[in-house]
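Read the single chain below, which is given as structure tokens and is the form predicted on its own.
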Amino acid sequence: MEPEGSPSRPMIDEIHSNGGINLCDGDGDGDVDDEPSIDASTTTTTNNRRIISSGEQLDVEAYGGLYQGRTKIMRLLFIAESCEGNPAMRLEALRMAHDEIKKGENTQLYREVVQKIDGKLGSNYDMDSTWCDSVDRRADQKKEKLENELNAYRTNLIKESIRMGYNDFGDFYYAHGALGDAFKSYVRTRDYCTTSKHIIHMCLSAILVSIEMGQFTHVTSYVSKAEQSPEALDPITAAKLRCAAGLAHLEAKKYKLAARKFLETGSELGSHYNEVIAPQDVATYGGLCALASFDRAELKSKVIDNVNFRNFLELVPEVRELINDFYSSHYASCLDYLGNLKANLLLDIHLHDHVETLYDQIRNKALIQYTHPFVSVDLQMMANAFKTSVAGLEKELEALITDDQIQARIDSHNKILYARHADQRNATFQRVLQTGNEFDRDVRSMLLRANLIKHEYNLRAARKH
């Protein structure tokens, strides 16, 4: 008695160890055979399985240390907003955001953070009006200086100096949180770019600000512009562009395209783009998007066997293990890892909106992959493997069957899922007969044409007229 498609024995054992399969109806006649079913209790693989620890609270300090600049501040503030029920984590995130802001010049953001802290961190984190006034005063002086310099450059028509002047204005506005003005200043440098490297620098600056503003259509546009000068792209810059494109596709919920971009990101990236994304994020975003959108063959060739992406996965062992578990059909273990990661993923500024959708797609793929090789499946064992009730599992399977993602029917009384198998023998005969009929028709047509030409039928008809 073999499952449909005769998968390798190890794969069957792996799936079996995660809940067991009832292999019934081996002859495909719709009746349950008298052969004994496989019982999950007869096989124990506990000694070979990893023990998964319970999900741990996010280490805010370690997380913040992965980033720098504005994205570090915004990620910490997002965590603070998302942790209303965890005052300790919220205050830790606000404290780190406060310290990071004070290294810069964004007084408006500083005032907002101090207001959120509301005196709960001691006098060192109260409003520092002296610092704000000093920074604002220096900002006014610097802006006036930049305006004078730029006007002088424009008067003298020095292209490179004008480009640098607009770029300095972009940096100034970005540092003070005026993202719209920063974007306009960076884009204005385009008319004064004289080399491919200048164009790429402009694109990277525009991409950085666009990501902070959440304008991902601009991100896609400027990634495309930068990639039009491949001769000027070094490996680190190419990796940055792929990350930016991946974020844009993720935001647009194009998970397969996002996965491809993250998987193509070179390991040269390292921490060179931590003003936008950390290498750990590349592993997490790419891994989850791949699980949700790739088929089994793609998962093997483009993720598991991808030596380059493996360097990223080593930084996040949980994601590496859940991908391997999914491919190896260790669904219980895979779902445990996903469950443990979920709370922290919901604190990610880019991923939080997509967690539920990605998790649903991954779970649906696991259900489909679990049932695919078999003639019949015991729903009780399958429910145990997916840590759900039989009733809940039935509803999930009904939705997939209705959506034509699983070709099967459910025996609700006996709690068994039966695969709907086409009669391969009959289908083969039908194809042979159809091919024979088509061949017969084509031969008759050729003979008719040959006879018409032989007897010059068309020529005689023309003469009569």
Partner chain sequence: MNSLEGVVVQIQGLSSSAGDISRLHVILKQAEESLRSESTRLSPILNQLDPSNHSLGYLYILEACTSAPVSKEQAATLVPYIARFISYCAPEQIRLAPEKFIAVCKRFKDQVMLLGTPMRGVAPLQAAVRKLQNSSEHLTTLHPEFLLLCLLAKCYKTGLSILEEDIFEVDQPRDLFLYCYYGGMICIGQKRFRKALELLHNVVTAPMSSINAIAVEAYKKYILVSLIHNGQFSTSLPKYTSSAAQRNLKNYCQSYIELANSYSTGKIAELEQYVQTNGEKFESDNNLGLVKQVVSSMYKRNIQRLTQTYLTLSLQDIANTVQLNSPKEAEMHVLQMIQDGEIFATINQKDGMVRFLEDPEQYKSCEMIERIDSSIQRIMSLSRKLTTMEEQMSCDPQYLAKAGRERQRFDFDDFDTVPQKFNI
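Rigid core (definition): largest C-alpha set, two forms, superposition within 1.5 Å. Positions refer to the first chain, counted from 1. Being a predicted model, the structure only gives us computed values, none of them experimental.
Same protein, other form: the form predicted together with the partner chain, not shown, and the subject of what follows.
If you check the partner chain in the model of the complex, you find no heavy atom from any of M213, S224 and P230 within 4.5 Å. Using a 4.5 Å cutoff between non-hydrogen atoms, E394 counts as a contact of the partner chain in the model of the complex.
The partner chain in the model of the complex is approached by E398, whose closest heavy atom lies within 4.5 angstroms of it. Of the heavy atoms in L66, none are within 4.5 Å of the partner chain in the model of the complex.
Taking the partner from elsewhere, D411 is found to have a heavy atom lying within 4.5 Å of the partner chain in the model of the complex. In sequence order, F429, Q430, L433, G436, N437, F439, D440, R441, V443, R444, S445 are the residues of 427 to 446 having a heavy atom within 4.5 Å of the partner chain in the model of the complex; the partner itself is omitted from this view. The Cα shift for Q430 between this form and the one not shown, taken after rigid core superposition, is 2 angstroms or larger.
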